[in-house]
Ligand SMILES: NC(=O)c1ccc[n+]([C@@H]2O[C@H](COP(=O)([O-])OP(=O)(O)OC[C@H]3O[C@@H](n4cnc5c(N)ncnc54)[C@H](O)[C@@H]3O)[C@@H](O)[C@H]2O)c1
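Read the single chain below, which is given as structure tokens and is the form predicted on its own.
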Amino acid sequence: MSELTAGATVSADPSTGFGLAGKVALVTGAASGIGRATAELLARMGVKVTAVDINGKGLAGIDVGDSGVTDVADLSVPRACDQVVASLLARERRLDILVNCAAILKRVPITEVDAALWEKLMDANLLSQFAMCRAASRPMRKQGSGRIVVISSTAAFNGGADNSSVYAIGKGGSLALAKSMARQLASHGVTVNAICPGGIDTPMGRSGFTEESWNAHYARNVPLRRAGQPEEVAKAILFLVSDWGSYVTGHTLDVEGGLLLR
């Protein structure tokens, strides 16, 4: 058996926290849904979490432990992304994990999308991810290690349901971003992967659905016959940012109950 190469890590037992204890993470979109579930799960694994969202009221109730920090910021503005990372580095001196969950969804027929709405959605859903990846990758390159996860969507593959075309287009861009960053950062010990959730039971996911239409949609279209829970996506993210995901980069992981079967 060959010796481990430089930068390779092994965590023997998930009860040890997947090698995450003491790591420093930044999770965006953390006021609700997948971002909140991810921030809280990482905190339970001993990670020092900075939870970021534009919704300060939503952040107020998040449980990121005694070492956790919340930061209210509008990440659709690249300068704010730089400031969030700079503030974290001033506190912690390093950044090990970035999870890009921040997004907004507007259900509008594509023929009625004007330039203002296009810009708003692309800035929030794609520009913010690019700016966060760019800012986070700088200290990670210097460290020679890091984990980045970009949240895309099954909408990137099926064009988006219920008039969410612009959201789908942005999420397609997220996949290209993850693959481009993965290729460029691999030699610096930084992995970059994408998660494609399907229908997840979040306030954003339920937008435009009644309770009856929501349940009927998943019973009809998803092999597992239900929507996913935010915690189920958070567990997939946990794998990718842990020592157990050390040889996975440029990958797209579907978490969608069999919706795509691709």
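Computed from a predicted model, the values in this text were never measured in an experiment. Start at 1 with the first residue shown and count on from there.
The following text describes the form predicted together with this ligand, which does not appear among the structures shown.
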Just to be sure I understand the contacts: of 76, 165, 191, 137, which is the one whose heavy atoms reach within 4.5 angstroms of this ligand in the predicted complex? 76
Report whether the minimum heavy atom distance between residue 147 and this ligand in the predicted complex is within 4.5 Å. no
Is residue 176 one of the residues lying within 4.5 Å of this ligand in the predicted complex, judged by heavy atom distances? no
Within a 4.5 Å heavy atom cut-off, is residue 204 in contact with this ligand in the predicted complex? yes
Verify the contact flag for residue 54: yes if a non-hydrogen atom of it lies within 4.5 Å of a non-hydrogen atom of this ligand in the predicted complex, no if not. yes
Select from 148-174 the residues with a non-hydrogen atom within 4.5 Å of this ligand in the predicted complex and write them out in sequence order. 151, 152, 153, 167, 171
